[in-house]
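So this first bit is one chain, no partners, the form predicted alone, shown in structure tokens.
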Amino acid sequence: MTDPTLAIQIEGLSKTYKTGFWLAPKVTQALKNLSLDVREKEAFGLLGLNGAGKTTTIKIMLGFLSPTSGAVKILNGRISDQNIRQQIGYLSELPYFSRQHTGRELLEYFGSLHNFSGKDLRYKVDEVLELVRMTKAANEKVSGYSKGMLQRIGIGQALIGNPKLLICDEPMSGLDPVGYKEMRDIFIDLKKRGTTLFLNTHIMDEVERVCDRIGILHGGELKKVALVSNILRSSVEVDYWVDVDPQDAPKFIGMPFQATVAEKGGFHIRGNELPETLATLNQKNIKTKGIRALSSVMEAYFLKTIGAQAMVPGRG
């Protein structure tokens, strides 16, 4: 059934890969009966570990792969429809562009593919360059661009056709803190403009600051769909790492983390156990050197959903 308020409708999507010898093929089910809706003008984050099926989902949405079963509607149409494709912008995880051209030349080329020309093309290129913070570097060759600059010019080529829907596959991958902030600010600007965003990512801070809703994909299955605001207000427990002096290890006799204190100078504790544990340390005259959260609320929610634990310092 068509719903004009939905930008993406995925119903019962499954994808099975067969690899290896034909007599004994290896079967991998990358997606298992995935059903998901994304509303117009919302920012949606699809979260999952590497191999969860996120990129496979995007490739099927864009028509790069055919599903084993199920169906996808984009902007109430099929990706095979040229009119639908013209309303979609896409940034791959590892975008590649001709390195001998400048950023402006690349955007002019992509703009011409969307039938811009003359003054309209120059105006559109200038508009996009400003939006993606690349005006100053517009006349530099791509060969001299940093990873962050390549990602921003990649967003630029995805936006040159005024898409209603922007799909990005791991847009923050490999960025330094400055590049990360620049990309995040671009997404926030696009969201204010009313562009529908579909972000495939595993970076939780990006999700908290940009997305309205998230879906958690694990082992090819959709485990949860939730409002980010609800997650941040939830009672999910955050784990902590408590730093102490390793020389205080003998004072931890009878406590479960004596060996960890001696080896790593601290211990991992559940959030709901922290107040009582700190009271016990105070009674034993053990001073803490610092307490730090091992994850954000969003990370804790994600880890709980997939049945994993926060990374403990010193663990490989």
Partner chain sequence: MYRLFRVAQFTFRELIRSRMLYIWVISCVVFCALAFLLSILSFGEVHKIFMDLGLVGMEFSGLLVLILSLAVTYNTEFDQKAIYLQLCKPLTRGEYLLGRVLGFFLIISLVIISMGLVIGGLVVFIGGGKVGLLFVDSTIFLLLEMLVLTTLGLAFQMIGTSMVGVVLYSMFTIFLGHCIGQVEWLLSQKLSNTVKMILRVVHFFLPNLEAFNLKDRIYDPDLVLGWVQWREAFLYAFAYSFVVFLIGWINLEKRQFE
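Model, not experiment: these values are computed from the prediction. Numbering follows the first chain given and starts at 1.
One more form of this protein exists, namely the form predicted together with the partner chain; it is left out here, but the text below deals with it.
- For Lys124, no non-hydrogen atom is located within 4.5 Å of the partner chain in the predicted complex, even though that partner is not displayed.
- Using a 4.5 angstroms limit between non-hydrogen atoms, Ala158 touches the partner chain in the predicted complex.
- The partner chain in the predicted complex is not approached by Asn230, whose heavy atoms all lie more than 4.5 angstroms from it.
- Put simply, Asn50 is far from the partner chain in the predicted complex: not one heavy atom of it is within 4.5 Å.
- The chain is drawn here without the partner chain; in the predicted complex, the stretch among 219 to 227, 95 to 103, 186 to 194, 69 to 77 whose residues come within 4.5 Å of it by any heavy atom is 95 to 103.
- A heavy atom within 4.5 Å of the partner chain in the predicted complex is found for exactly one of Arg85, Arg133, His202, Arg213: Arg85.
- Though the partner chain is absent from this view, in the predicted complex it lies within 4.5 Å of a heavy atom of just one residue from Ser173, Ser234, Ser146, Ser117, which is Ser117.
- Of all the residues from 251 to 284, none has a non-hydrogen atom no more than 4.5 Å from the partner chain in the predicted complex.
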